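Shown below, as structure tokens, is a lone chain in the form predicted alone; questions about how it binds or moves come after it.
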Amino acid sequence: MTELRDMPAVMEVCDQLLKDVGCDFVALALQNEVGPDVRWHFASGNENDKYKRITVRFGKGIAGKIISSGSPMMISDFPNDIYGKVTDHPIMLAEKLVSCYAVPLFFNGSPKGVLLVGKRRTYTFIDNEQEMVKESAETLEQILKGHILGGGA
């Protein structure tokens, strides 16, 4: 698959979302083309490059849970309002996020990616912010459609 960092349109959508929602961090995760694992491929507002090394199993972590359920997820006060262990949320730990809102990206009707916005403080994302994240996810689906389904360039 083409590296997402080499796709300026993806970076523009994420950078714009960072400004529009006023969050600290935006990241994009995609399910691997082979196997069920999910990796974070791109981030904006990141404090380090740890996200590049995070791989979660289908159904695990924020990205894995969203891809397995096909539903959005919000965490307002990490680690206080989560189910399971703190270590089940590596992206939150790596970026010192306290709150996040994440939505699935669909390809051929199946959830295969995740767009996440996060803040490094307690926060509840309001309806219009959630809507902006969903609209950005739809834009990214269109940009990435050929790359995900076409298997590359």
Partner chain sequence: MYSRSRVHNRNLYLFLLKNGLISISVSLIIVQTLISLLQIHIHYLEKIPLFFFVLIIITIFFMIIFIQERKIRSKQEQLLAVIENSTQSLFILDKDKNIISLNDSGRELLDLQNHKVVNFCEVCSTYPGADKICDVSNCFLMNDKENPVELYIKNHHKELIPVQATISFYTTPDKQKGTVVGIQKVSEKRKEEHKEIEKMITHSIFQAQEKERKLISRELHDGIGQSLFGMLLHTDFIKSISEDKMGITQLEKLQQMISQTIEDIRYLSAALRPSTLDNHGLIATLKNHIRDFGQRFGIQINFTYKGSNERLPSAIETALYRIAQEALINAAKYSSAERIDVSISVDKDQNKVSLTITDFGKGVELTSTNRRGVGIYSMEERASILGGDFFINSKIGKGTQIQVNIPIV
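These numbers come from a predicted model, not from an experiment. Numbering follows the first chain given and starts at 1.
Although it is not shown, the form predicted together with its partner chain is what the next lines describe.
For Pro90, a non-hydrogen atom is located within 4.5 Å of its partner chain in the model of the complex, even though that partner is not displayed.
In the model of the complex, its partner chain lies within 4.5 Å of some heavy atom of Asn48. Using a 4.5 angstroms limit between non-hydrogen atoms, Ile126 is distant from its partner chain in the model of the complex. Within 4.5 Å of some heavy atom of its partner chain in the model of the complex lies at least one heavy atom of Arg57. In plain terms, the part of the chain that comes close to its partner chain in the model of the complex, with a heavy atom within 4.5 Å, is 57-65 out of 99-107, 57-65, 115-123, 22-30. Within 4.5 Å of its partner chain in the model of the complex, a heavy atom is found for not a single one of Leu18, His41 and Gly70. Contacts between stretch 18-44 and its partner chain, counted in the model of the complex as any heavy atom lying within 4.5 Å, involve Pro36 alone.
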